[in-house]
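Next up is one chain by itself, shown in structure tokens, the form predicted on its own.
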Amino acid sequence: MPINAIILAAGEGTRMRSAHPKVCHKLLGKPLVWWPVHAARTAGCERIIVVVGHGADEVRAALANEPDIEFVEQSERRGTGHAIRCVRDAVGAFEGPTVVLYGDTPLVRPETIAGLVDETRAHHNACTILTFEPDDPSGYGRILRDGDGGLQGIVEDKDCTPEQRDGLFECNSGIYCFCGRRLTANIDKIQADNAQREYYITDMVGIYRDMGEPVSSLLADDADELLGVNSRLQLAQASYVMQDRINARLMDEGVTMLDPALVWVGPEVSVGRDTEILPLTMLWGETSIGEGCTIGPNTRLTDTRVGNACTVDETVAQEAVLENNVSCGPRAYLRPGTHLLDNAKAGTHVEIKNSTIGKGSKVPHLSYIGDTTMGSGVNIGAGSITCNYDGVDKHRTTIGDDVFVGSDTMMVAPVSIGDGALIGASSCITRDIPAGALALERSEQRIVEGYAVERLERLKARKKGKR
């Protein structure tokens, strides 16, 4: 039978002090709710149901790119058990192992979810609880066991006796795997007989015990997996844990990091072996980096593809492509649509947008290239720009192979520059240039002998007269 996952993401998260739902806050570039969705899918869950409530539209939008997600709205939030009822009422009864996860618990591993499912299947459990042993169990429900070590129940922290509070260290994570058939058949047995008048999924353990149904637990290997996010501080703490995990994996795969604590890599990023990532580097989205590169320091790449043997120094790039042996920076800005072919260079204080820079072509420094197709072997002098915007529309510039553009040149699009053309420095090019031609556009230089000396004398005399 297929494995189901129900992810509870309806809460407001008031401790975040935010206008946005808690589960939409980002951890390493991804919304909190994305992480349990991804973990469930990786663990083999075929049906994923996300329960939304506060900020429902924003939560849906945060998962818009995730395939095959079902959303159920919990318009009145009356506890975790009530959320499961809303799912049952919306989609009907469901079969198979059903994992209950939380949108604000991003660190649970796919392997742990798979282990919880295996435990449920192996013993035909009605319910298997994922437990953990935190350094400080304060605030967590404690696991009660009978004389044989079997699961007896859960006692909430506020209801613990002093002996239980001081002597019980195994805690309820709030993550479960249920038999879907038995869960949908018995979820209405939960009662709201508590001070909050809410329905709690934890009550299913006692209900199943009274029914004689098998229940058990699985102890998580790493307590950090169950860290929840309820505040900005806890969001930062969870980020540190995931940062360590991802960076450790990359280093195991052959990536060098001078200081892993100063490198942030998103979960969908790939990095080839023998690449070095220097401090203050952030790699987000679907960025991929080849082998033998040096990335950073002080670099941010988002949804950018980098080939082999590239150097990317103090660069911000978004939706760009760098082929092999490309050099960028320091202080380069590559905007969406930038494509640098093999051996190309984007140098210091260079901005490129929606342009192809040909093989071996160089934009060394202090230049802007936008909406341009550039051939191979081109050299762009310092301070040159393509003037691609007329105030209403964008226009393209075409530069052929082996073109030399002198410093401080304006190329006013639409304009085409033929192969092998030469443009003199400080020119404003408004017409097409034939292949192999020289283009100059500048006023005649005028020299007035002795002017500077005479001017200085006048200034000195004026200053003296004011005293």
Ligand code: UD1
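For the two forms, the rigid core is made up of the largest set of C-alpha atoms that agree within 1.5 Å on superposition. Bear in mind that the values here come from a model prediction, so they are computed numbers and not experimental data. Sequential numbering from 1, following the sequence displayed.
Note that the form predicted together with the named molecule isn't included here; everything after this is about it.
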Margin query: Only one of G329, G266, G370, G79 gets a heavy atom within 4.5 Å of the named molecule in the predicted complex. Which one?
Written below: G79
Next item on the list: Only one of Y333, Y208, F94, Y140 comes within 4.5 Å of the named molecule in the predicted complex by heavy atoms, so just point that one out.
Entry: Y140
Next item on the list: Give a yes/no on whether T98 approaches the named molecule to within 4.5 Å in the predicted complex, heavy atoms considered.
Entry: no
Check: Is there a heavy atom of A5 no more than 4.5 Å from a heavy atom of the named molecule in the predicted complex?
Finding: no
Note to self: in the predicted complex, does G174 come within 4.5 Å of the named molecule, counting heavy atoms only?
What the structure shows: yes
Check: Is W284 close to the named molecule in the predicted complex, meaning a heavy atom pair under 4.5 Å apart or at it?
Finding: no
Note to self: For a quick test of understanding: in the predicted complex, does each of D104, T202 and N230 have a heavy atom within 4.5 Å of the named molecule?
What the structure shows: yes
Item checked: Proximity to the named molecule in the predicted complex (heavy atom, within 4.5 Å), stretch among 348-356, 383-391, 273-281, 165-173 -> 165-173
Next item on the list: Quick one: name the residues from 429-446 with any non-hydrogen atom within 4.5 angstroms of the named molecule in the predicted complex.
Entry: none
Checklist line | Core superposition between the shown form and the other one, C-alpha change of G337 at least 2 Å | finding: no
Note to self: Using a rigid core superposition, assess whether D259 undergoes a CA shift of 2 Å or more between the shown form and the other one.
What the structure shows: no
Margin query: At a 2 Å cut-off on C-alpha positions, does V321 qualify as shifted between the shown form and the other one after fitting the rigid core?
Written below: no
